[in-house]
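Next comes just one chain, in structure tokens: the form predicted alone.
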């Protein structure tokens, strides 16, 4: 009797253990990288999983083009990952998960990320959608070794765009460099220099006010620099439409004297350039109105179509906690988008003097941003304007449009896109 009873009991126990064991909740996390941040986030996520064995995180490392082009399509269809790292924070805001009722301390999020939450909220909303993986600022890098070898003095703070153009042409001619100046093919990168020239972009009622004397002044320089060889058509003329074309590889290969991009390149240059040559970020060149870049950044957001909002919030709480985020910023060499860490300071993990100098330059530039530049990340129509700008100025560089035609087409494109967005 006893033997007959034990076997069914044992079987029941074994079957019960396998039938009712809780499988970990799986979260899909879409991520892109500019530098080493993919390795850093993978390490952090693995530690989160050790502390939270009921959650499994699948980190999908994708090209930035997937984030920019494919993720919006997925979101419009009510699909996508559970959370993602994105740069299009405002335009896609209706798709973000509201973490306010899910995270442990909403006040912590408001206090430390409050300066940037409006960048990723639907207009008029007070949701908590995510946190900034970094604050970014657009600005230039220079190959200081080339300046030294050419015997040309670096223009100092307050130097104009025209003075910088003259200096880099002198260096390039002396050293045989094919690209005196490279600017990322991006309407976002164009915006800071245009504001420096006096562009207004935003009318008093919040609508776009694009084509003015300041905008034209920078557009004319882009066109003229391509005509006289200051800029190479290899960057702006090699692709079409709204396609981003960066020049980070050309700069790292010492083919560019001055490269206008942004602070997110620092970590990558620390690895790709190393000590091959002396490089550094320099202050934003000036126009008659300002000497400004554009702030921005990337953020991690929850996607509201997730089937696991509580688990997403738990992961977000962990990643956005001060000690974890401090480690992330220090290892990736990113400017912090966290008020407490901005105030307390960071100990960046690099002994490269170019890295330290560049970080210091970009930190200073945050305090020198024009008021209009600070408004751009939270402006509803910023990306529409950026895309129209780069698409049409790219056609000017390719010889397909005159500047006057480009100005007209930019305004038509923006009006059309806004009308479609408001349907």
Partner chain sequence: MTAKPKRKVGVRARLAGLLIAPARRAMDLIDIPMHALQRRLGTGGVAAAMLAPNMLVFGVFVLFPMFLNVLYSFTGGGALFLNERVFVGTLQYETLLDCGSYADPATCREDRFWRAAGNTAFFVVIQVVALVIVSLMTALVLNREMRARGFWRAVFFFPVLLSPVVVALIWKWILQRNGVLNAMLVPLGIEPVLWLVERQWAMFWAIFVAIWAHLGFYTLILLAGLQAIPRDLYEAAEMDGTSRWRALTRITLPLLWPSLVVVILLALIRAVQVFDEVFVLTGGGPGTATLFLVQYIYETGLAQQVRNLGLASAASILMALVLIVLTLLQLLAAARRERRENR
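Predicted model, so just to flag it, every value in this text is computed and none were measured. Numbering follows the first chain given and starts at 1.
There is also a form predicted together with the partner chain; it is not shown, and the following applies to it.
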Out of 339 to 347, 323 to 331, 72 to 80, 156 to 164, where are the residues with a heavy atom within 4.5 Å of the partner chain in the model of the complex?
72 to 80
Would the partner chain be touched by all three of 241, 409 and 421 in the model of the complex, meaning a heavy atom each within 4.5 Å?
yes
Residue 88 near the partner chain in the model of the complex, any heavy atom under 4.5 Å?
yes
Heavy atom of residue 122 within 4.5 Å of the partner chain in the model of the complex:
no
With a 4.5 Å heavy atom cut-off, would you call residue 383 a contact of the partner chain in the model of the complex?
yes
Looking in the model of the complex, any heavy atom of residue 401 within 4.5 Å of the partner chain?
yes
Which residue, 110, 118, 234, 278, has a heavy atom that falls within 4.5 Å of the partner chain in the model of the complex?
234
Residue among 391, 365, 358, 33 with a heavy atom within 4.5 Å of the partner chain in the model of the complex:
391
Is any part of 135 to 151 within 4.5 angstroms of the partner chain in the model of the complex by a non-hydrogen atom, and which residues would that be?
none
